[in-house]
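In structure tokens, the next block holds one chain alone, the form predicted on its own.
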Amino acid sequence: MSTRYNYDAIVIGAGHNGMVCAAYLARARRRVLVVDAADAVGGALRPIDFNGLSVPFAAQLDYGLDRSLVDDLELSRHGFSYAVEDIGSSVFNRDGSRIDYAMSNDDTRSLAGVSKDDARQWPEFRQRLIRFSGIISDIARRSPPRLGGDSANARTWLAIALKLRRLGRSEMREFLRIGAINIFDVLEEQFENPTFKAAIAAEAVLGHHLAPRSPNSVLTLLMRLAGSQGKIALPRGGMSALGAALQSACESRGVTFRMNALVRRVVIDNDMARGVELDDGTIITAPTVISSTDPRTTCLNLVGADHLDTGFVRRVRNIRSNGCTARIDFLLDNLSGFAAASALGLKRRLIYAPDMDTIERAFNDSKYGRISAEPLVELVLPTMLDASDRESRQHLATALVQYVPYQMIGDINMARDTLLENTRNIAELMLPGFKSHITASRVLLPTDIEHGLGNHGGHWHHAEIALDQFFMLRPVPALAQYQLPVAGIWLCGAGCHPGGGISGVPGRNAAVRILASVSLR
């Protein structure tokens, strides 16, 4: 006799990956429930109130949402579109001078003003990175193979090998040479201007617990480019609009949402998932449970070490997942007094990174629990980029700040104040007059992100992206195919292959694996 379950699948977490996974499962006619402790969907995208302005909890920009996923889920039919599909960037030096650039095109007009040699080198170097990122993009869309194994694994390895071979001998050799090294050495070989080198290094390390001299920082740059070939976008209505579109796409396929519902544990019987128990004691049954939270929280808190092998538990506990990026929101009044308003247009992405050594020193401070006096800062004004995001005469400026230690030395409130003041000073350097227009601010440390999203360490990617936590090793080898050692329990969050950011690819990959492995009930 078959057991009758409330649902075919329960997804824990209504972040973008959880909703993507749910939408693909529902498209295959599964009865899906999404549960989340928050009062609104989206995870890092979810809207919160900031002094009367609706802002995303943590997400800032779209650095690589998979465009095929947008088509698959027909998100445009659910109100999703872009206000800006390719935001230009400017990197600033200490004297306030800047270089305008974009990872998505070969425009060298601004760069030529500081280095004609660098301007000649940039187009070829950028195009090479885009070609190499195509390999990473192909890997990202594939379910990681097992070492050895069946013909399906062999076909995956063969497809990757053929993709590499098509680069040609010299390009394949260069890909293998730089793929695992640090971005500092690669940029030192190519360019002379220290601020432009810092701009490209910043693209590689933003959101990662890495500095320019850290191994794997070329890999993280290629990961950044793989999503959308260097384009950085902003949805119309802000990042929260993506969460709303995903919820609508899910509901149109019959997905049920249950908000303000904290999952206490995954219900396991005879080493098989049977559903989830909520914090109020309610038990909801399903033969398949998928968690979009981080692997450590899923395995150790929701499943429990008692159901897992000792060696497996040890490896999960050692997943590197400490975040190092803070978000700061500034509410601004009338912007007419900005000295740089006419020249800059306030519609670019502003990076403070005078040189690679400055980034490296900020990273060193964070390693010892200190707030850097001169952090790496990315500043944008989303209300200037997207007129539809205006809800009042006030404007929003958001800053991503590195490096901010997860484990802080000293008083955390003093550290919060220091970080805010240092960031204000840097914003003032990039936009003279900025400080005089601030009417309110909000500081989100990695510990705040951990508390607000429930992901251990408050890391953007749930687990650091490095060669030992990438592809068939992500986050640990036993979890590389998205499935836990307990039957019926899966992962679909950023801690899975290929990693975090707002790509949606982990959620889709997990859904594909689940549909291939579990028969429709």
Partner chain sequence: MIMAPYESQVLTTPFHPRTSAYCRTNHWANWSGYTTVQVYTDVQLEYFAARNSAALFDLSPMTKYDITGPSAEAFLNRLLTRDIRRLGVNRVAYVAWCNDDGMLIDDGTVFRFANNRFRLCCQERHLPWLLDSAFGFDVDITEVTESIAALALQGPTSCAVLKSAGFAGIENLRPFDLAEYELHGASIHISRTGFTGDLGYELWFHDRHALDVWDALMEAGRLYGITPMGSQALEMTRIEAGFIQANVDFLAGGRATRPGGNLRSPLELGLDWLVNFDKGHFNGRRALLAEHQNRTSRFKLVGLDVDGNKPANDALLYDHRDREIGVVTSAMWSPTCKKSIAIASIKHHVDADHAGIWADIYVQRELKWRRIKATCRVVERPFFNPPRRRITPAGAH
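Residue numbers count along the first chain shown, from 1. Keep in mind that this is a model prediction, so the values were computed, not measured.
Only in words, not in the display: the form predicted together with its partner chain, which the text now covers.
Only one of L308, L332, I87, V267 lies close to its partner chain in the model of the complex, with a heavy atom inside 4.5 Å, and it is L308. A single residue from the set V313, A373, I283, A180 has any heavy atom within 4.5 angstroms of its partner chain in the model of the complex; that residue is V313. Comparing 31 to 39, 462 to 470, 478 to 486, 47 to 55 against its partner chain in the model of the complex, the single stretch with non-hydrogen atoms within 4.5 angstroms of it is 478 to 486. Using a 4.5 Å cutoff between non-hydrogen atoms, D271 counts as a contact of its partner chain in the model of the complex. By the criterion of a heavy atom within 4.5 Å, K163 is excluded from the residues contacting its partner chain in the model of the complex. Interface membership of A154, defined by any non-hydrogen atom within 4.5 Å of its partner chain in the model of the complex, is ruled out. Taking the partner from the other structure, its partner chain in the model of the complex has a heavy atom within 4.5 Å of a heavy atom of L300.
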